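First comes one chain, alone, set out as structure tokens in the form predicted on its own.
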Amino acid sequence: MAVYNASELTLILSDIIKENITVEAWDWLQTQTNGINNSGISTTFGLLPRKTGKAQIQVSSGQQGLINASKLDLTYNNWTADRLSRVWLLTQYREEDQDKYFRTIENLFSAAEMNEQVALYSTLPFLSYPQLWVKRCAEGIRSNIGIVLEAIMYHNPYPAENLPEPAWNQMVLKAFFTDKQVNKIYGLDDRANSELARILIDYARERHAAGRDINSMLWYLVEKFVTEQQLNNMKQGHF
């Protein structure tokens, strides 16, 4: 699993944000984070798009190199300024009272519209008290909103590092079922397991019976748990 310094990464994000929003917006954002509390963060979180805009951000090769050095398979080039700024904002929120911290973040989730959900799920790797968000992450996997699912699945280390096996397996199956880019899921090799292989074989059998294509990534996740002959037979439709 990943070994990274979240504080170092947030400094990199600061540089990216500064280069992708106006000076006025950055000054405002910094002002909002000074002594931020549970009520202030909710207001700032909601106002952010009006201040930062929603343009797609650009990440320099040097900045991407620093991100890569953090040991995380992260990419921000297709993110919008408000999404990245919201993630950065939440990394600035500190609260020693665990219950209070949980209530504050959970209230944001409960009231979030689609784009706010995307930002919140993108922030999961950086939130304090990681185990508090397992249930919330598992609930997010049941979403039918594509960009919300992608925020949880794509280049996000939180599920691989924190979800129990049943929830992890559900997420991977959901990725296949909804035609997501499975190769973008962080931790596929580390979290491969025999039960997931069984579930995916059942899914492949159903796809074959319906005359539908089977994503090649499915065989990649299954091959560790079957013989070469069994794998070849299944690829030919002999289950």
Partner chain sequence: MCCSHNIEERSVPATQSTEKFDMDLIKGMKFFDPHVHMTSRTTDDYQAMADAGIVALIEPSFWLGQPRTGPGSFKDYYSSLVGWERFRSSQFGIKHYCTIGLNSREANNEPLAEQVMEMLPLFIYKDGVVGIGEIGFDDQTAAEEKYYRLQLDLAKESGLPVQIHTPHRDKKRGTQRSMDIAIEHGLEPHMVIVDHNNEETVKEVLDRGFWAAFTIYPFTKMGNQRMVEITKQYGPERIMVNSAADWGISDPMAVPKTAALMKLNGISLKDIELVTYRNAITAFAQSGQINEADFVTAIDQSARFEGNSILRGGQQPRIDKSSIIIS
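This structure is a prediction, so every number in the text was calculated from the model and none was measured. Numbering follows the first chain given and starts at 1.
Absent from the display: the form predicted together with the partner chain. The rest refers to it.
Q) Can any non-hydrogen atom of T43 be found within 4.5 angstroms of the partner chain in the predicted complex? A) Because a heavy atom of T43 falls inside 4.5 Å of the partner chain in the predicted complex, the answer is yes.
inquiry  = Taking the partner chain as it sits in the predicted complex, is I36 in contact with it (heavy atom to heavy atom, 4.5 Å or less)?
reply    = Judged by the heavy-atom cut-off of 4.5 Å, I36 is well away from the partner chain in the predicted complex.
Even though the partner isn't displayed, in the predicted complex is Q131 close enough to the partner chain, meaning a heavy atom within 4.5 Å?
Because no heavy atom of Q131 falls inside 4.5 Å of the partner chain in the predicted complex, the answer is no.
>> How about A167 - does it come within 4.5 Å of the partner chain in the predicted complex, if we only consider non-hydrogen atoms?
In response: A167 lies outside the contact set for the partner chain.
Within 4.5 Å of the partner chain in the predicted complex: all of A112, N115 and N144, by heavy atom?
Per the other structure, all of A112, N115 and N144 touch the partner chain.
query: Heavy atoms within 4.5 Å of the partner chain in the predicted complex: which of the stretches 48 to 56, 24 to 32, 187 to 195, 169 to 177 has them?
result: So the stretch in question is 48 to 56.
- Can you tell me which residues in 200 to 239 come within 4.5 angstroms of the partner chain in the predicted complex, by heavy atoms? Result: R212 alone.
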